[in-house]
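The chain below stands alone, shown as structure tokens; this is the form predicted alone.
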């Protein structure tokens, strides 16, 4: 991580104030003063400002409103990833707790806490995920019962767990799942002879995107973290 970003992440200073502190010679890395704002900081480095050591902060828990066209990956040389938009939150090894496809928008949870991430994604823990979707052809009423009973997906030994489908329009619906198989929503509709053209995740475990716009992110509250 760049030195200026490291300071902004581990202190109350903004990025601009961090740069000023470096420029004025008040920052040391491993006991040596540096004015290189872009100096790469490793986890083992000791950074001080005015002689006071910056301590690594606690675990990170974030929710992001993922944009269309952004991939859920920690890094990619050619495409934008969700982590590329987390300015100030790259001081720990972050990962995505429940990925979305590149063309799917909506709620993504990002954390540095491996155990918490496991609770979010593990099949052993019931965690409702709610999606809004649009399809190529009209959604028939028969889908509701079929989804409630579980749908057999191609190359899967068992049917999906029961889920709730709410038809909102001829080609629009809300689907609530308690599992997260690979491309599950798209595959379920494919099994019914239909195809999903637009997919948006609006909530996970009761956490919502309320008040957020595409590309926004925020820290989870202690209450939200404790839900899992």
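Residue numbers count along the first chain shown, from 1. Computed from a predicted structure; not experimentally measured.
The next section is about a form of this same protein that is not shown, the form predicted in complex with a small molecule.
**Student:** Pick from 178 to 186, 39 to 47, 22 to 30, 165 to 173: which stretch has non-hydrogen atoms within 4.5 Å of the small molecule in the predicted bound form?
**Tutor:** Of the options, only 178 to 186 has residues within 4.5 Å of the partner.
**Student:** Would you mind picking the one in 100, 151, 120, 132 that has a heavy atom within 4.5 Å of the small molecule in the predicted bound form?
**Tutor:** It is 100 that has a heavy atom within 4.5 Å of the partner.
**Student:** Can you check whether residue 63 is within 4.5 Å of the small molecule in the predicted bound form, heavy atom basis?
**Tutor:** No - in the predicted bound form, heavy atoms of residue 63 and the small molecule never come within 4.5 Å of each other.
**Student:** Would you check, heavy atoms only and a 4.5 Å threshold, whether residue 104 touches the small molecule in the predicted bound form?
**Tutor:** Yes, residue 104 sits close enough to the small molecule in the predicted bound form that at least one of its heavy atoms falls within 4.5 Å.
**Student:** Considering only heavy atoms, tell me if residue 199 and the small molecule come within 4.5 Å of each other in the predicted bound form.
**Tutor:** It does: once the small molecule is placed as it appears in the predicted bound form, residue 199 has a heavy atom within 4.5 Å of it.
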